[in-house]
Each structure stands twice: as structure tokens, then as C-alpha cells.
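Read the single chain below, which is given as C-alpha cells and is the form predicted on its own.
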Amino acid sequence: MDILLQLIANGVLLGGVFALISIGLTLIFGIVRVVNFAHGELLMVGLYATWIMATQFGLHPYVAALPLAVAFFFLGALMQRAIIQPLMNADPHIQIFATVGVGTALANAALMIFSADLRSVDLPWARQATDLFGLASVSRGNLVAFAVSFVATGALIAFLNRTHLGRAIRAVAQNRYAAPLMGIDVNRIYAITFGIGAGCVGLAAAVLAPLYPAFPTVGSFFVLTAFVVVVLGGMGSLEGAVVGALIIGLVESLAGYYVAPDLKEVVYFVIFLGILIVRPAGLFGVRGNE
């Protein structure tokens, strides 16, 4: 029983890490209807930025989270205006190629600037274990990532439901052709939404920097799982991203112990495909998004 509780605790916290990375990805798709294949490379840039701020300027990575999120908001908005906006009416595969190109350029730029060496933020506190209600021992850094992911998701849901700008974003998501008739600047909404999604990546990078080193291909380590989480939960659903992340985190933790560590991805992909056969739009997805 003690081992099972430990595995469940580890799985839930790992799901929090996956959710933190996935919420920006699902927000961008849900509103802009563009699959951002540069998502992982944006996370990589954020990890490097956090490392620079921590090592060169002595800024605590958790303190760096807010300025990094703001900087990534403007970076995302600029990326949408300069690269995505001219392709909004193009075929979806053209948009995919564009984001893949951005991701490839960022990864190679990081390789040229930083080489392939690992760059780690030295924060021993985040790697230390803490007792969770006497039931399990968990990493403090994973606990912080779990808390931040739920706060960020809750804040985004409240923003989309309770603010004028949030309601305008939802209106564009529902019908981008009717929204201009209501006085909504669709292109501005797209830029803001892409900026918010990128800002979530910046926030995730600052929170995860004490746990994971930065290297040029680190984005690919997370982005495949992030896509599984987003599709499983339902493309465009923030609640679905959180639920999907928790499912994948639990399956990975339990399968890694009870099945085999090198087969845990196989187990959650089998579950993932099984759910999509029953619900092609995902657990919380709107029919047609698939």
C-alpha cells in the first residue's frame, strides 16, 4: 500500500508538470486553430533564459517566472504577427511546416550558441523531498509545478469566462467569421491568444528549470507527451488538458513500476488510442475538433 500511494503521488505531481506545459498548447489551438510544433523549442528557450537569469544575474528561478512570462507573451504575439498571421488562410499543413521551421531554427540556434552541454539551475531545495501528509515523499519542485499548473489553469479559465477580453476570445473561438460583426478585432485576439499561450510556456520554463537541465533538444522530451495530453483531454479544452495530464502522469508512474520502465510510454499510448477510438475528440473536446 505504501508503494502504491507513493506511485500515485508521483504520478499526480508528474501530471502537474505535463499540465503546466500543455495548457499553453491547447489554448493556442483552441482559439487560433494552429498546432504549434515550436512549443517544445519555446520551452527550451525559456529554460535557457531562466538559466541565464539565475547564473548571470543571481535571480531566483521562481522570481524570474513573472518577467519571463511577460517576455514570452510579447515573443508569442510577435511570432503570431510575423509568421502565423500571413498563413491564417493557408492550408493547415503550411502552418504546421512554418511552426516546425521555427522550432528547428530555435534548436539549431541554441546548439550554436550554447553547444550541446547541459545547463542546470542550481537550486537544491527544489530537488529535496518533503513529506506529503505522512502518505508519501515527494519532490518540492514537483509540488511547486503542480500548484502553479492548477493556479495558472484556474486563472485562465476565470479570465476567459469573466472578463470582456476573455469573452471576446471565446467568441472568436466559436466563430471567427461572425466575431468581426460584433466589433471584435480577430487578428488582435489571435496575437493576444498566441502571446498568452507562449507566456504559459515561459512560466512553465521558470518553474521547471530547477528540475530539468537546458539543452538544445530538451523540447522534444516534453512536446510529444504534451501533444498526447492535449489530444487526450480534447483540443482546446483547458480542463481536458489538466485531466489528460493527470491520467498520463498516473499511467506513466504506475506502468513504470508494475510493467517496465522502458514500456511505460507504450502503456499510455495504448490507453490513449483506446480512448480516441471511443471519443475521437478527446475526453472534453468539442465534436469536430478531431
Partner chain sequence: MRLALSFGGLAALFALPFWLIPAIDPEGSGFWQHIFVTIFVFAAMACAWNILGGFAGQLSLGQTIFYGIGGYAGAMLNQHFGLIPWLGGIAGAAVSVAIAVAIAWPCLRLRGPFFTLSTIAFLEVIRLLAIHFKDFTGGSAGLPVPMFVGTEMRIGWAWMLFRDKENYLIIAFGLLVVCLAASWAVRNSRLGFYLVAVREREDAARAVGVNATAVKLAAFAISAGLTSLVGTFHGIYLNFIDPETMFSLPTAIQVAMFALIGGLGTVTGPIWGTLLVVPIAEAARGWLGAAANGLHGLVYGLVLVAVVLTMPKGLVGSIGPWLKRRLGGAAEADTAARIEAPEAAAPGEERPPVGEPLLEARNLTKRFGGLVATNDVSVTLREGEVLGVIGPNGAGKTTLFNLLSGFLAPSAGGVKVRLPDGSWVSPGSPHGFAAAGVARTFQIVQPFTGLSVRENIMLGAFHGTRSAVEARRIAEEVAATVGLTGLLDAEARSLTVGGAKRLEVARALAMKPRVLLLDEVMAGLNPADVQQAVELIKRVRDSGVSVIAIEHVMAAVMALSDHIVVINSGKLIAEGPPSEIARNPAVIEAYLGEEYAHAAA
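Residue numbers count along the first chain shown, from 1. What you see is a predicted model, and the numbers here were worked out from it, not measured in a lab.
Here the subject shifts to the form predicted together with the partner chain, a form of this protein not shown in this document.
A single residue from the set 94, 135, 151, 165 has any heavy atom within 4.5 angstroms of the partner chain in the predicted bound form; that residue is 94.
Of the listed positions (235, 65, 54, 243), a single one reaches within 4.5 angstroms of the partner chain by any non-hydrogen atom in the predicted bound form, namely 235. No member of the trio 45, 48 and 156 reaches the partner chain in the predicted bound form with any non-hydrogen atom inside 4.5 Å.
Residue heavy atoms within 4.5 Å of the partner chain in the predicted bound form occur in exactly one stretch of 143 to 151, 69 to 77, 197 to 205, 97 to 105, and that stretch is 97 to 105.
Shown alone here, residue 27 lies farther than 4.5 Å from the partner chain in the predicted bound form, counting heavy atoms only. For the chain shown alone, residue 12 is not a contact residue for the partner chain in the predicted bound form, no non-hydrogen atom being within 4.5 angstroms.
The closest non-hydrogen atom of residue 32 lies beyond 4.5 Å of the partner chain in the predicted bound form.
Proximity of residue 239 to the partner chain in the predicted bound form: non-hydrogen atoms within 4.5 Å are absent; the residue sits far from the partner. Residues 224, 227, 231, 235 are the members of 215 to 238 with a non-hydrogen atom no more than 4.5 angstroms from the partner chain in the predicted bound form.
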